[in-house]
Each structure stands twice: as structure tokens, then as C-alpha cells.
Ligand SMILES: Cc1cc2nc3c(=O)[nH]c(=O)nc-3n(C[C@H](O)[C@H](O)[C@H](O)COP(=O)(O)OP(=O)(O)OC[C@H]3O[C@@H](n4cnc5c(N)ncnc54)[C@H](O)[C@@H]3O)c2cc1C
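Next up: just one chain, as C-alpha cells, the form predicted alone.
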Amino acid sequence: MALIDELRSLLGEAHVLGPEKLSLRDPGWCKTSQAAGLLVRPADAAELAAVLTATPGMGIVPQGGLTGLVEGTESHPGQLIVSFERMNRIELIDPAQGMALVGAGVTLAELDAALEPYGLMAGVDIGARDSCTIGGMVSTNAGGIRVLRYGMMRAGVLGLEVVLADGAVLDLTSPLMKNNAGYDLKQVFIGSEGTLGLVTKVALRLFPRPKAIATALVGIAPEALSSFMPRLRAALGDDLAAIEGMWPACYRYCAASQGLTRLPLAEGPGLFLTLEAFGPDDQTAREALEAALVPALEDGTIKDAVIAQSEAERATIWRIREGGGLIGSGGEPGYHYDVSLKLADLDPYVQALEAACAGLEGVSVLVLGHVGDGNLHLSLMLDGPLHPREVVDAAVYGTLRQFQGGSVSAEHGIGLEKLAALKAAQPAPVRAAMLALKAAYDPENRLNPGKVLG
């Protein structure tokens, strides 16, 4: 009670939540997010610093929009949850500088709505845009559908405000595009999943909002992907914004789960690609995309294609692709992964994984991904015996080890779920360097304890 009273004196009674109020909150994807039974909602870095100073040695679990998929927000009794929901102010939009300064609790959708009147946007876009927070996206180095054009979240971060484990506040919110004044400390915290410091503000680089977007659905034999991609990039240049892929079983599943029976493309030769290209107006964008696709159709590199002629047709194409977010949402048993490989290895990996799973009774493999940047999302659904996670992990990561240069996590991070996979994949010197960094910034292992490095 003494701790709760002190926290209430720092933040106000309404912003210190105990078990009863936490039981009414949505835990998000991680069902044990609220298990600590105690949550605080500081309004800014100063209040967060005061909380950390008042709770020496206590484990701190940061939480944003609770959209993470790797158990990165799991908490336990005796720990303290920090929610950033009150840090929800958009403090500055500077069109001349091409930057915005926002609180960590601002959602991507809120930021996008605020930027629209200026004709600007953040580069990264993900399906959870209505609930994911900017701070969470920085902490996980979010990716999404336009990495090919704008890069991961890291590429758009100009600066950060960060609170360290001992309550020290680092103001790294420089709006400058060029800033070589010593170590670029902000990079340490991007993608660290709240284990090195807690992000409270973000200075973001902004980009012009596209005037028009052309969208196509393409059927292609998987082995032709490596030759098609360079041609597409050469034809469209910087206007090429997204190349998303769905393997046939996943395409069928995502359409059927939403009741879609009239499909833009029927069953194809092995892989469906959703393409997006920007342009100055709808007609020019569609014509440029068509000009890029026709030669590949004529020489058989791609087998079929349809270009959306209306916003309704575009929405249908994307509805199938974003239906991937519904896989398992109804409680169907299964395990979900995201891995990264070289472009030439994508389909060989999928084939090898399907072969590895053939001996696991009742396991079906659904695959989609941001193939333009080599990212596959895998759902191994269970219709039969509930195979232990370790068995399924062995199939996924054992197969991945057959392909040089692959990664156990493309964009979802490590959290708790991928601890063993990361440790097995890391060279010893790399792991030692990461542990040294953790010890330097958080010697008591207070921040998101147990996540990323264990």
C-alpha cells in the first residue's frame, strides 16, 4: 500500500490502476499483459522519471497499443506496468522541416489524420494502425507494407526522448536530417523493445502523401520472382511502394474467411502478388503500372494480372491481403512466425518448410509476407493433435538454418517467444556485445525484464 500511495501522490489517483480496474482492460495479443496487477499512466518524461526513481529495483513493463505478437508485454506480480496512453499529444508538425514531434502514446492513425491536411504522412504503415502507438513502433522497429519505399521505422526517426532505468532523461529529439555530433544514441533504443530505455517522445521524418495509388494483383510462378522484381523496380523506380505476396493456400483462406467468392484472380500458378505504385494522378499511375506489367505478361514471366480500376476494386485486393490478420483470430489453434530471407530463398524456404511439416499430423502451413523486402509471415495451423511449440519451432527455425543469411525475426521482434531461436542463431561475440549493452544501460535488468535477451 505504501508504494501505491506514493505512486498516487506522483501521478494522481486516477492514473494508478490496481487489479480490479486492470481486469476490465483488453490485454491485447498477449493474454498475460495485465498479470502484474499494477499499472501507472504517467503524462510525460518527468512523471515517468519520478516513477522509476520511486521504485528502485522493481521490474518495469512498458506497454503501448498491445499489438505486439511475441509476448513482449507479458508481466508478472511484483512488476509495474507503464502505459503511455496519456503521452498522446502531437506537439509539433513542421511542414518546412518535414518533421513532427509526437508523444509515444499517439497512434499511427491519429498521426496520419493530423498530417493529412498538410499533404504529409509517416512512411511506415501497418495493419494495426488504429491501435499501434508511435512509441511502440519505435521500440519494435516496425515495418509493414511500404518498407520497400520508406524503410523500417528506424529510417524515419530523427530523434527521441528516452527515460533510462535510473530515471535519467535523454533529450535526443533533434529535428535535423544531418547530425553527426558524437554517437547517434537514438539508434540504440530503436528496436530494443523497451529493454534499454523507455521512449516518451519521437521526432519523425515526414513524407509527401501520394496523390494517387495504383494497385494490381499478379499471378506468378514462384521461381520467376527473382527475375521479375528487378524489372519491376527498374520500370517504376521510387514510385514502387509495395510488393506483397500470398501463397495459394493462404490466399484461399483469407478470401474464404471473409466470405469473398468473386476473386480478382482465380487459382493461379503458385504465388499472388499485390503491387502498389504511386503517381501524380490515377490514370498516370495505372498506366505506369500497366506498362511495367505488360512485357512480363508477354514473355511469360508473370501468368496473369488485374489492375484495380476503382477504389472498390482496390479495396477488395487489399481486403484479401489484410485478411492475413484474421488468421487464428477466432481462437483456432496454431503458431505464428515472421522470418526474413533473401529474395531467391523465399519459395525454396516455403517448400522446405511444407516438407518438414508433412510429418506433423494435422499441421497446415499458411504463408504471406512483404516479399519485396524478404519478409514472410507464417501461420502453422493445427487441426489435430496440439503439437508442442518446441516441435513446431524446430520445423520453422531448423528449416531456416538451411538458408544462409536468414533472420528469425523480420519485424515482430523477439519478446519472450523467440528467446531460444535468437540465442541459437546469434554468434557468441554478437550476443556478448548485446549483453554488454544491456548491462551498461540497465544493470539491474529492470526494463522489460526477461525480454529479448532473457
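Residues carry their position along the shown sequence, with the first being 1. Predicted model only: the values in this text are computed from it and were never measured.
The protein also exists as the form predicted together with the ligand; that form is not presented, and the subsequent description refers to it.
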_Contact of residue 243 with the ligand in the model of the complex (heavy atom, 4.5 Å)_ = no
*asked:* My question is simply whether residue 337 lines the interface with the ligand in the model of the complex - judged by any non-hydrogen atom within 4.5 Å.
replied: no
*4.5 angstroms heavy atom contact with the ligand in the model of the complex for residue 247*: no
_I'd like to check something about residue 393: if you look in the model of the complex, is any of its heavy atoms closer than or equal to 4.5 Å to a heavy atom of the ligand?_
no
*Among 132, 308, 236, 213, which has any heavy atom within 4.5 Å of the ligand in the model of the complex?*
132
*Of the options 370, 286, 314, 205, which one has a non-hydrogen atom that comes within 4.5 Å of the ligand in the model of the complex?*
370
*Interface segment, criterion being heavy atoms within 4.5 Å of the ligand in the model of the complex, picked from 291 to 299, 274 to 282, 124 to 132, 205 to 213*: 124 to 132
*asked:* Using a 4.5 Å heavy atom cutoff, which residues in 436 to 454 contact the ligand in the model of the complex? It's fine if the answer is none.
replied: 448
